[in-house]
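Shown next as structure tokens: one chain only, the form predicted alone.
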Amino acid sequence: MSQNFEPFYDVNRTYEDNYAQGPFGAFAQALTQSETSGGVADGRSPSESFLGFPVNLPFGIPAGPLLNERFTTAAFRMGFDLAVYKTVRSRAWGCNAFPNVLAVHPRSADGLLTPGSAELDEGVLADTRYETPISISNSFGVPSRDPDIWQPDMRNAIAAAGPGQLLVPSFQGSRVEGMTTDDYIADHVTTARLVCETGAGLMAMNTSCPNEGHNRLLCHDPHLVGRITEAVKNEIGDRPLVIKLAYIPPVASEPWADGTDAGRYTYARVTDDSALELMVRQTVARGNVQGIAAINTISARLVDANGNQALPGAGRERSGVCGHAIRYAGLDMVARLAAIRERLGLDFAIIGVGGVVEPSDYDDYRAAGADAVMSATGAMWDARLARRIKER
């Protein structure tokens, strides 16, 4: 069934056009309102909190589709109480070539892509046939404006939050040719300082997008993430710091144990979650990170109906997939983070992201241990998702 909602990020326009002319659909209409709507009714005060900040509902939109202040303000007015300003850098950074978004159609009956599935390497069909439950490619390359542009815009975005709403800036370091590891760490610190200058009360650091070479993620190196977060925390002081992770798989004793679907892992017999625990020990346990957001996307080889590369250009054989297809992986990461939190006796926020397209998905993430939940793809195609959750 085709989706009836007009996405607030127009996938048929370039990133530059969306930045200059967006948002679209119901988000564009929300910008004509004179004040924030969708919050707590009848003048009640926010009853929940997120990292010490009062919020109406710990639900929002993660880094990605909220390109600038117009997008974040529209999100607030549509009732998304947590709005993450798209990841910024210390310098201008270009976007991948258009198109960046395609509809993704996993072969499984439930439309899920499970980490470890052979389909991820064999090829997942991607085209322009957008259907519910929605899954899409995410092939942007983390573009950024120059700080001279994003800093004043971010200040306005922070000021536009209504009662019980919170703007969360996202940032990352930029690795360029000839840069040493110390230079790379310093660039994170510089960018964090620039974010602080906007008046931000907290921030999120993206460790889940490629930083050196094809499909190489910063979060694959927990020791380096530990060094970076320590340096960043020394710069930002008491401001809470969140890190965004990709999927980090456990080691399972019998990865195909359920026997019902050769493309599906089961983690009922997990014997070793040391990789994820090491990340927590290197960041949270050292007092440098106060929240972990998971997950970003699942990397997959995307093909057209003829089996050819779906996204044009060198180095784009694979793309991050987001939306309904990664729901299982997101819930799995949240549950494992919650178990590690309890086992180590630590206090940190878990932000669940991945495949939240219906109000019931919010409930499932909270039940798995998430302190807050966010939706990117689901919210793009359903601008009323936050309101639908609240109306219940």
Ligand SMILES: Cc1cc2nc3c(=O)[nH]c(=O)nc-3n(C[C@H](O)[C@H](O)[C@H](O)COP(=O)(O)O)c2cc1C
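Just so it is clear, the model here is predicted, and its values are computed rather than measured. So that there is no doubt, residue numbering starts at 1 and follows the sequence shown.
From this point on, the text means the form predicted in complex with this ligand, which you will not see here.
S.K.: Verify the contact flag for residue 217: yes if a non-hydrogen atom of it lies within 4.5 Å of a non-hydrogen atom of this ligand in the model of the complex, no if not.
M.R.: No, no contact at 4.5 Å.
S.K.: Would residue 140 sit within 4.5 Å of this ligand in the model of the complex, counting heavy atoms only?
M.R.: It does: once this ligand is placed as it appears in the model of the complex, residue 140 has a heavy atom within 4.5 Å of it.
S.K.: Please check if residue 329 has a heavy atom lying within 4.5 Å of any heavy atom of this ligand in the model of the complex.
M.R.: Judged by the heavy-atom cut-off of 4.5 Å, residue 329 is well away from this ligand in the model of the complex.
S.K.: I'd like to know if residue 72 sits close to this ligand in the model of the complex, meaning any non-hydrogen atom pair within 4.5 angstroms.
M.R.: Heavy-atom contact with this ligand at 4.5 Å: absent for residue 72.
S.K.: Thinking of this ligand in the model of the complex, which stretch from 317 to 325, 224 to 232, 152 to 160, 112 to 120 has heavy atoms inside 4.5 Å of it?
M.R.: Only one stretch passes the 4.5 Å heavy-atom test: 317 to 325.
S.K.: Which listed residue (279, 136, 167, 289) meets the criterion of a heavy atom within 4.5 Å of this ligand in the model of the complex?
M.R.: None of the other options qualify; the answer is 136.
S.K.: Tell me, which of 295, 83, 104, 300 has a heavy atom within 4.5 angstroms of this ligand in the model of the complex?
M.R.: The residue in contact is 295.
S.K.: Considering only 49 to 81, what residues come within 4.5 Å of this ligand in the model of the complex, judged by heavy atoms?
M.R.: If the 4.5 Å heavy-atom criterion is applied to this ligand in the model of the complex, 49 to 81 yields 62, 63, 64, 65.
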